[in-house]
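Heads up, the chain below is alone and in the form predicted on its own; it's given as structure tokens.
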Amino acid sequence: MVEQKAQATSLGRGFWIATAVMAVAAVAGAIYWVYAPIESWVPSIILTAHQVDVFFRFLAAVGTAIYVFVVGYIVYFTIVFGAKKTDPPDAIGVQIHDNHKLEFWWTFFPTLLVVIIAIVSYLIWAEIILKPASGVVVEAIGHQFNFTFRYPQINGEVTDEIHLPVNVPVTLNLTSSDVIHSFWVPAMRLKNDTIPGMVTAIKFTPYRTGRYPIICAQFCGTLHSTMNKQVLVVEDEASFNAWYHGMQLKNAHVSNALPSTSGTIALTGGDAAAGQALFSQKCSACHALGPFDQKIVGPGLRGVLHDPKHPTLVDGDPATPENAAKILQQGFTGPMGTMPNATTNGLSDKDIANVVAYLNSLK
């Protein structure tokens, strides 16, 4: 039996006219997004926000063009090839298959687009997450239903507002005391979840002073919609220092002061038993008591200071108690993620000495 090839189907007399109209609309839409006044809608206040805006313009322009053609062709083909009143009830529509050129191009272009998006997304992500250690470290803690903020050498927690100095790099460590929240400042173009038992970090440098709303972008309970009343205050360094010292005085008698992340830790007198208790409270969510390669978030830490297969720590320094103490004190960001510093973990110098003594006892 000889297979009967279907005859070529006409696309209709108006196909190329419709395509031309859609092309004009797609180009107009793309041009609009290239020149859209995003800054007048939502001002940007950090250095990487411009990169995010450029990427948004690209996605919006491409998305608009795709939307115009997809919807346009659906409407066109519905009109041209829709069922006619004279068609029998069991009529089958036009069958088109085995068009290898068409299949190649509709696979190639989406794949190329996804690759471009992945590369650009990674470059922006790396700029935000993998920057070097910064000058100001603050912790933001999600609660039902507000955020609180902790600063080194300010007792207790700061509520209502987070203050930052302009033109100074910032590391913002995020966590939660109850459920998952999402810390979002639209003017920063950054949003990151706050997760109980985990610390995530975003890094940025604010360059514009002002007051900018903070919003929780993750449904977190019945009063989630009220988590839009707090603000980020970016101010000149003199104003920030005045506010900082004022908060130190105001909270002088409040407990829960955060430790500093500078200075040398005295390791003598560290208590391994106390360190074991601290490890189970503050470290076990990310580190297993197993070999280095037994990773949860960070590496396994059994024998980490005595393992000839891994003579260096994650920051490349030799595996010595002093260098382990430095990571616990200052934190580290690398391919595995962010190791919180002493400020975020609430570790005192004595706590660090105890944890190092415990790690040193694991052989």
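None of these values were measured; they are calculated from a predicted model. Quick note: we count residues from 1 along the sequence shown, nothing fancier.
Same protein, other form: the form predicted in complex with a small molecule, not shown, and the subject of what follows.
Go through 43 to 51, 308 to 316, 59 to 67, 27 to 35 and give me the stretch that gets within 4.5 Å of the small molecule in the model of the complex, heavy atoms only.
Careful reading of the contacts points to 308 to 316.
For F240, is any heavy atom within 4.5 Å of the small molecule in the model of the complex, or not?
No - in the model of the complex, heavy atoms of F240 and the small molecule never come within 4.5 Å of each other.
I'd like to know whether K282 contacts the small molecule in the model of the complex, with contact meaning heavy atoms within 4.5 angstroms.
Heavy-atom contact with the small molecule at 4.5 Å: present for K282.
So in the model of the complex, does any heavy atom of C286 sit within 4.5 Å of the small molecule?
It does: once the small molecule is placed as it appears in the model of the complex, C286 has a heavy atom within 4.5 Å of it.
Going by a heavy atom distance of 4.5 Å, is Q329 a contact of the small molecule in the model of the complex?
Q329 lies outside the contact set for the small molecule.
Hey, with the small molecule in the model of the complex, do P152, L172 and P213 all fall inside the 4.5 Å heavy atom range?
The answer is no; none of P152, L172 and P213 reaches the small molecule.
Please tell me which of W184, F292, F77, Y244 lies within 4.5 Å of the small molecule in the model of the complex, judged by heavy atoms.
Residue within 4.5 Å of the partner: F292.
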